[in-house]
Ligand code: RB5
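This document starts with one chain, in the form predicted alone, laid out as structure tokens.
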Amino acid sequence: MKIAIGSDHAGFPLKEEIRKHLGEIGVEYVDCGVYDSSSADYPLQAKATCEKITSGECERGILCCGTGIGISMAANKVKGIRAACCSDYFSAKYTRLHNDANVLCMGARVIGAGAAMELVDVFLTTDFEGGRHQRRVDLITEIENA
């Protein structure tokens, strides 16, 4: 699995921790920026990261900003993206199981690095359950395509 990662300036320190963690666990990734803590606009980073997923270059993505909220809102504007802002293990697991989320968003000012790595791990290792949940994901796609 290849992961696209990105952040704005507020999420940069957490993105760097995630990048290091992905390397340690042997997960290939594409770093879509930012590359330092200079002020940056999260919608641009969300778009660049999500385009790696919609193009097929990457299977899933991870985005970070201060709260995780703004970058998730921007990510969800990209057709084909189901981004979830998570700060707890249960939400990160079930957004994969039930929603087939393809982007995990986190807030660097909300969650610590240790907890974030647990969310990354469960997000990457949990498969979509399908079944009755597929119908609901299809309904989301219908809304997106309307």
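It should be emphasised that the depicted structure is a prediction, and the values quoted were computed from it without experimental measurement. Residue numbers here begin at 1 and follow the sequence given.
From this point on, the text means the form predicted together with this ligand, which you will not see here.
- Listed stretches are 134-142, 20-28, 121-129, 7-15; the contact stretch with this ligand in the model of the complex is 7-15, by a heavy atom cutoff of 4.5 Å.
- When contacts are judged by a 4.5 Å heavy atom cut-off, Ile62 does not count as touching this ligand in the model of the complex.
- Contact check for Gly66: a heavy atom falls within 4.5 Å of this ligand in the model of the complex.
- Under a 4.5 angstroms non-hydrogen atom cutoff, this ligand in the model of the complex has Arg109 among its neighbouring residues.
- Contacts between stretch 34-55 and this ligand, counted in the model of the complex as any heavy atom lying within 4.5 Å, involve Tyr42 alone.
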